[in-house]
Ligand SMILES: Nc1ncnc2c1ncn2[C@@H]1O[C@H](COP(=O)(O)OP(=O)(O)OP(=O)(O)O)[C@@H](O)[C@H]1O
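First, one chain by itself in structure tokens, the form predicted alone.
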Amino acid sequence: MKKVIVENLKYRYPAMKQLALDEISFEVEEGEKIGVIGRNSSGKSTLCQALVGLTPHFYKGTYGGRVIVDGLEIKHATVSEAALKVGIVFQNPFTQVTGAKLTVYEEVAFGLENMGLSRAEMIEKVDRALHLLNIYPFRNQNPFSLSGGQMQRMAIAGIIAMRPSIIVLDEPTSQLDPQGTEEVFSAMDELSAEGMTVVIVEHKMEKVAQYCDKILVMKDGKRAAFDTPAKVFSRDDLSELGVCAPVYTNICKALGKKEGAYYPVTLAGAARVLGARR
């Protein structure tokens, strides 16, 4: 079942001449994990905003094409209607902290309070989200006492607790250490297995290659590629696209070792082909 349908999406910010998004089209199946990569200013964040309705409803500008999330056409829906279908996590967690709650637990529960759930349902969902992101031990702390990485995981937990069909993450691990990054991707993996669709903008190519089912490469607001990690990272024009392959892929490329038709993109894949070489 298709959870995200983007058809010929165009968008230009107010007072700008160049399109931020130019004829973008792709589809995402239920439970798929899609990585979005590309150099800075290629349109990745603008695409995230378009998927949740901030573009064009909040940022205005010139808009064309269609974005449909879980059967809802974003252009004809309010931001609040879209929020029931798709949630977004921004790069900077300070943009998502309400400042109105005294504890991490209350902050994560904020969205659920507005949905009118029973107390028992709220507790179940908040507890699960806090455990999934490994921040349950901080549940009684003030949100602003957390480190940047802990605060980011709290922001992700707040979206996960609401259980949208689709979650969009715009560079969610930029402030996280390796352990925190792994916890976030593992959580996304678990949610995907339960049917949640994940779209994640990320610069850590090893994690994108390991966890994502497909990769959307963007360049100058356009779709440059949309395929499996193995196919994308085996391309010869990655430098022109402003993309670096995972270190394991680069090693295998230098040695001319492929796994089938493509170069390995994970440590396990590289170990298989390099072990076979010996």
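Counting begins at 1, following the sequence as shown. A quick note: this is a predicted structure, and the numbers were derived from the prediction, not measured.
Beyond what is shown, the protein has a form predicted together with this ligand; the following relates to that form.
For the residues 134, 181, 91, 103, the 4.5 Å heavy atom test against this ligand in the predicted complex is passed only by 91.
None of 139, 85, 203, 75 but one reaches within 4.5 angstroms of this ligand in the predicted complex through a heavy atom, and that residue is 203.
None of 62 to 70, 241 to 249, 35 to 43, 222 to 230 except one has non-hydrogen atoms within 4.5 angstroms of this ligand in the predicted complex; the exception is 35 to 43.
The candidate spot formed by 4, 185 and 189 lies out of contact with this ligand in the predicted complex, as no residue has a heavy atom within 4.5 Å of it. None of the heavy atoms of residue 127 is located within 4.5 Å of this ligand in the predicted complex.
When contacts are judged by a 4.5 Å heavy atom cut-off, residue 16 counts as touching this ligand in the predicted complex. Within 4.5 Å of any heavy atom of this ligand in the predicted complex lies no heavy atom of residue 24.
Within this chain, residue 270 is remote from the site of this ligand in the predicted complex, having no heavy atom within 4.5 Å.
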